[in-house]
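Next up: just one chain, as structure tokens, the form predicted alone.
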């Protein structure tokens, strides 16, 4: 009886979280010992740099916001069995299209400028997701490879425009576009850089969870993923569902890109994403593509990344230490879940 209870708890969501946390602490402690530092001291400094005061907490929220939206952009296609690694490119192209709209649409001003800009960014992200979707549905080209490869095309397009036709002459040697007007920036909170994109992302996570788990459309995605032949016999069209989830995911990543560009950066510049699209992919898989679980996981990863600068000052270690810690987190969660799933078979 006791053994059955322990096994049941270990396979529950709370048990997996507890075991993954213990595995992460163990791996992180071993890493800190390996570099000659006290594990307890380094873990304490890591927590302090991530959430130790108001500034650290808000910066963690800022880093978590695009990761959250990009993780949702990955989770939606995954519910159909599609492995999209394209959130990074969709984020860049959404920022590019949204910025182009603001720079060119001088007639759109006032209260309509912000929603129009956000819609343009979402349309850009969706358009960038359309390419690998058509390759997958029409030519059966693997979406993982195509989404990964075109990420770099979108990033290079942004680099080209900020160094070339859209470069602000007043920015001196720093390549960037002109600053966004106040009407084209999301509201910020807590006298910090935390912006409305965070609340939008959390709301989308809740709505997406409800749609995926409590609607006929969400059930159709599950059927097509687990048993495509049964889905076809039931009248479900894989290509239509693939188009829907990929475009919706692209729109969310595009929203992340234009929100980060307009409100956090204040202008479009090269390499602005800090790898949010790739981090979002990893967050989605750590959360097993569960939209509600993505929210705390995105904050955890965002906090780890935001702690990088703080660790440099507090512990005199390279900021790359936090990247190692992030990698150890992935190993801990994936390894724990893998062992539990293998034991359950």
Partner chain sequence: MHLSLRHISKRFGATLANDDVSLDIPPGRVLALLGENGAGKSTLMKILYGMIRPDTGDVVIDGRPVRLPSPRAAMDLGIGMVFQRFSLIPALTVRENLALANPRTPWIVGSGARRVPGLLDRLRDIAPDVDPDARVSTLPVGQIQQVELAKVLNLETRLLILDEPSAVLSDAEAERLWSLVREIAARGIGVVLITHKLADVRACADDVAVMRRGKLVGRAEAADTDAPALLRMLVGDDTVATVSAEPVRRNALPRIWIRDVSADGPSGTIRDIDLRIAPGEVLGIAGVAGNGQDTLADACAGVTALRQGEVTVDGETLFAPRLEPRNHGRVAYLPEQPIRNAVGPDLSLAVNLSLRCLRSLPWMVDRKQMAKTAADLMERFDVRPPEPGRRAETLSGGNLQKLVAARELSGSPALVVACYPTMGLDVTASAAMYARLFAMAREGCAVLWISEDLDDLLRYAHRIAVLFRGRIAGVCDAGPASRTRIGAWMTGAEAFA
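Residue numbers count along the first chain shown, from 1. Keep in mind it's a predicted model, so treat the numbers as computed, not measured.
The same protein also exists as the form predicted together with its partner chain; that form is not shown, yet it is the one meant from here on.
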| query | Contact between residue 235 and its partner chain in the predicted complex at 4.5 Å, heavy atoms? | reply | yes
| said: in the predicted complex, is there a heavy atom of its partner chain that lies within 4.5 Å of any heavy atom of residue 244, even though the partner is absent here? | reply: no
| request: Although its partner chain is absent from this view, report whether residue 183 comes within 4.5 Å of it in the predicted complex, heavy atoms only. | output: no
| message | Even though the partner isn't displayed, in the predicted complex is residue 163 close enough to its partner chain, meaning a heavy atom within 4.5 Å? | response | no
| remark: In this chain shown alone, the residue from 176, 204, 223, 148 with a heavy atom within 4.5 Å of its partner chain in the predicted complex is 223
| said: Just to be sure I understand the contacts: of 112, 156, 141, 230, which is the one whose heavy atoms reach within 4.5 angstroms of its partner chain in the predicted complex? | reply: 230
| If contact means any heavy atom within 4.5 Å, which of 167-175, 94-102, 209-217, 186-194 contacts its partner chain in the predicted complex? | 209-217
